[in-house]
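This document starts with one chain, in the form predicted on its own, laid out as structure tokens.
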């Protein structure tokens, strides 16, 4: 379609309006030169662009410097050019039959747009560079984080190894202290002064054992290494044990102590009896320790699979400002209180949480405190199964020891002599092995009725020794007697073929009861 036909379609008024807009916004300057590049005519405001006054016959390159070198035959389009006064313009050069036409248009808006685009481009480049630097920093940070993580994992492994090692190192001598103390107490029944001294030794050793247990449990809880061992538990027997432990301690301080129960089922319930017992011992032990007059009462209520526990005392109370602090590790209400590491409540709270409950404190702040928690304890199915390492404290097993041989694999001479005294006094014949290799050889040769196997043995460790024995057809019960208290180690020992798992220091009556029951089961 031709320009003329286009012109005819636009109304005159609209066309004039378009002309005005074009002129106002672009400030057109039209120049026409002849073939010799002499100015013939012009139209527009040359002053707007800072040109010198124009006259017919002026040379193109003397008035318009950007036309220097341009001939009448050249066709050019220069997008952005600066005029003498710095105004950005676009230049359109078009040859005609009689000469050259030059159209100059204001390009300020286009220049601003291109400047903005360039600015954005520059900003994008800067941002890209910053992003690259940040990515390099992030990569360096990630490398550092990975290094720190590896260091932390290595430190945790070392801590776990240290905890395991310390567990063994602490428990082994305490086994001797508590075991020989118990023997002496049984021997010196009529020597009151000697019994009092032995009682002090026993209480001190048990207190030390409690502190060690809390420290080791704190480390295991930090590592997430404690796993609940849920098994059928006789609540009545467990609470009877607690009553026997704390009644003499309370009476010695002139306190009234009671365990009040309601709704307890005759059947066994499913829970981790060792951890449940540990929490109650921590709570009742604190209550007795910090109560000088009055009473301590533990209330245990079972209802439809829920076990609610409360321990209340008439002690000094816990100020509101200290109620959160008492659940933090190594914290006490005040530094003048009795001895302790400040771990009992922190560990109890963590254990209760793992068991699905929440340990809560109620206290007026002036007198008395009450700690409570509720956990699941459903009735255990009556399937006749027994966990080989279930609790047997208080169980009386009647079985004759005469004629039965027990092989003791123990490298510690003090503990070996202690076990020898206890077992031979009970009527057993004892055979001793000082390392794992000797234990395997003597077991296959002597064919004992039962083995007591220390797990941390030289030459061949206990687990490997048990595996070798079971592979060789040895069928007598093997009871692990070890200072390693971790659940993972216990599972490994049972999986290797141990019939039971006792942790040092073990109560001597429990040791004898466990041995007698194991032999009776094989009869």
Partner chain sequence: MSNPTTEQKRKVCLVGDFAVGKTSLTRRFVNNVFSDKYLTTVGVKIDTKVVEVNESQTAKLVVWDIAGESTVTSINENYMKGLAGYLLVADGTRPATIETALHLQQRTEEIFGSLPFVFLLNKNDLETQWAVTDAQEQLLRDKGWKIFLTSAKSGAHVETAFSWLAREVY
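Numbering follows the first chain given and starts at 1. These numbers were taken from a predicted model, which means no experiment stands behind them.
Another form exists, predicted in complex with its partner chain; not displayed. Remarks below refer to it.
Contact assignment for its partner chain in the predicted bound form, among 154, 444, 126, 140, heavy atom within 4.5 Å: Of the listed residues, the single hit is 126.
message: Going by heavy atom distances of 4.5 angstroms or less, which of 306, 82, 261, 109 would be at the interface with its partner chain in the predicted bound form?
response: Only one option qualifies, and that one is 82.
- prompt: in the predicted bound form, which of the stretches 43-51, 459-467, 22-30, 66-74 has residues with heavy atoms within 4.5 Å of its partner chain?
  reply: Single hit among the candidates: 66-74.
field: Proximity of residue 55 to its partner chain in the predicted bound form, heavy atoms at 4.5 Å
entry: No.
- prompt: Does its partner chain get within 4.5 angstroms of any non-hydrogen atom of residue 98 in the predicted bound form?
  reply: Judged by the heavy-atom cut-off of 4.5 Å, residue 98 is well away from its partner chain in the predicted bound form.
- prompt: in the predicted bound form, does residue 135 have a heavy atom within 4.5 Å of its partner chain?
  reply: Heavy-atom contact with its partner chain at 4.5 Å: absent for residue 135.
message: residue 236 versus its partner chain, in the predicted bound form: is there a non-hydrogen atom within 4.5 Å?
response: Residue-level check for residue 236: no, no contact with its partner chain.
message: Residue by residue through 104-126, which ones have a non-hydrogen atom no more than 4.5 angstroms from its partner chain in the predicted bound form?
response: In sequence order, 111, 114, 115, 118, 119, 122, 123, 125, 126 come within 4.5 Å of the partner.
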